[in-house]
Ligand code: ATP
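As a starting point, one isolated chain is supplied in structure tokens, in the form predicted on its own.
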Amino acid sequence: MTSSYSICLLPGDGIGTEVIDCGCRVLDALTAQGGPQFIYDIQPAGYDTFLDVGHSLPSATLEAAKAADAVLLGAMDVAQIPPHGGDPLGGLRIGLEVSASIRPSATIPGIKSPAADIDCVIVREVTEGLYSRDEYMGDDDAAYAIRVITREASTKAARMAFEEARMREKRSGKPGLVTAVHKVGVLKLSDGLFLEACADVARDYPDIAYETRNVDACAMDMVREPGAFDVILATNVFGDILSDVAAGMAAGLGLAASACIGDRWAYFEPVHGTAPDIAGQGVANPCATVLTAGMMLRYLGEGSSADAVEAAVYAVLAEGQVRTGDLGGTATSAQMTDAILAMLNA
């Protein structure tokens, strides 16, 4: 019997709407082939939503996200949203009780990249750290931000990292490795607690190797020895930075997918931004969103469909005949999606 899933769509801002449409075309093609069916619920969120209703994540949107089987996001212009307008991504992460962000980075055949052998996943705690949004002014000349690290959130992220390492080990046959990054020499209490939680979880996974590295040394080693990493486990800000380093060493942000997953809910988003310089022109690269939809399919238990979608994207990129401007070509978003669909149907 064919499975059916409710998908809450948050198109966002800029090119978000355009690439989300491309992702849905690929999902609908799976349905046409007899695969899973999808019921879409489009909801507002982001900067344009703030301008319309005064808040970037309306309560009705969050409730719709909770009611869905999964949430698929477009890029959102969070930088322009003032503090009183809310934080749509932070609100989703807290409201959906996600444990961590998962961002894979790997070299892709046919795509020129600085690293020929990078294949890693950044697992990043995303609800606290320096992004806890707890700031205040001491006086007119001093601003303070509070870095919050809790055992509970650190433990959830660590467990997700070790589970990811175990799954990767099963797929590749290579020994799993989790690298926890920190700056405990300076942040003795907060990173000390983070590492303590990570070590506690590591004892439950004796089959997975575990190590720690200073975040600055890890960044340097990612450039010098990109193939040395498997799963990198990090707090919010460190993971945010390292995941962009990994994407840059691999195929670039235009091909980077991500997921934020918790025990009950999850949302999926391409890593790239809203690209206002090309918004509305129909030339944005849809591949990151399509690969993100693949991650969503895997989360929903549709592994064969996820494999097919990823294989179609990689085949188009390897062939190199159809590429958008960011990849050195002239194809439109629709033409790139058409090429992916042709591979999928083949």
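Keep in mind that this is a model prediction, so the values were computed, not measured. Residues carry their position along the shown sequence, with the first being 1.
The same protein also has a form predicted in complex with ligand ATP, omitted here; what follows describes it.
Peer 1: So, a 4.5 angstroms cut-off on heavy atom distances: do all three of 76, 278 and 284 pass it with respect to ligand ATP in the model of the complex?
Peer 2: All of them do, each having a heavy atom within 4.5 Å of the partner.
Peer 1: Name the stretch: of 120-128, 213-221, 90-98, 246-254, exactly one has residues whose heavy atoms fall within 4.5 Å of ligand ATP in the model of the complex.
Peer 2: Going by heavy atoms within 4.5 Å, the stretch is 246-254.
Peer 1: Using a 4.5 Å heavy atom cut-off, state whether residue 103 contacts ligand ATP in the model of the complex.
Peer 2: No, residue 103 sits far enough from ligand ATP in the model of the complex that none of its heavy atoms falls within 4.5 Å.
Peer 1: Contact between residue 110 and ligand ATP in the model of the complex at 4.5 Å, heavy atoms?
Peer 2: It does not: once ligand ATP is placed as it appears in the model of the complex, residue 110 has no heavy atom within 4.5 Å of it.
Peer 1: Answer with yes or no whether residue 273 is in contact with ligand ATP in the model of the complex, where contact means some heavy atom within 4.5 Å.
Peer 2: Yes, residue 273 lies within 4.5 Å of ligand ATP in the model of the complex.
Peer 1: Evaluate residue 336 for contact with ligand ATP in the model of the complex, applying a 4.5 angstroms cut-off between non-hydrogen atoms, and reply yes or no.
Peer 2: Contact with ligand ATP, no.
Peer 1: Determine the residues of 5-21 with a heavy atom within 4.5 Å of ligand ATP in the model of the complex and present them in sequence order; the list may be empty.
Peer 2: If the 4.5 Å heavy-atom criterion is applied to ligand ATP in the model of the complex, 5-21 yields only 15.
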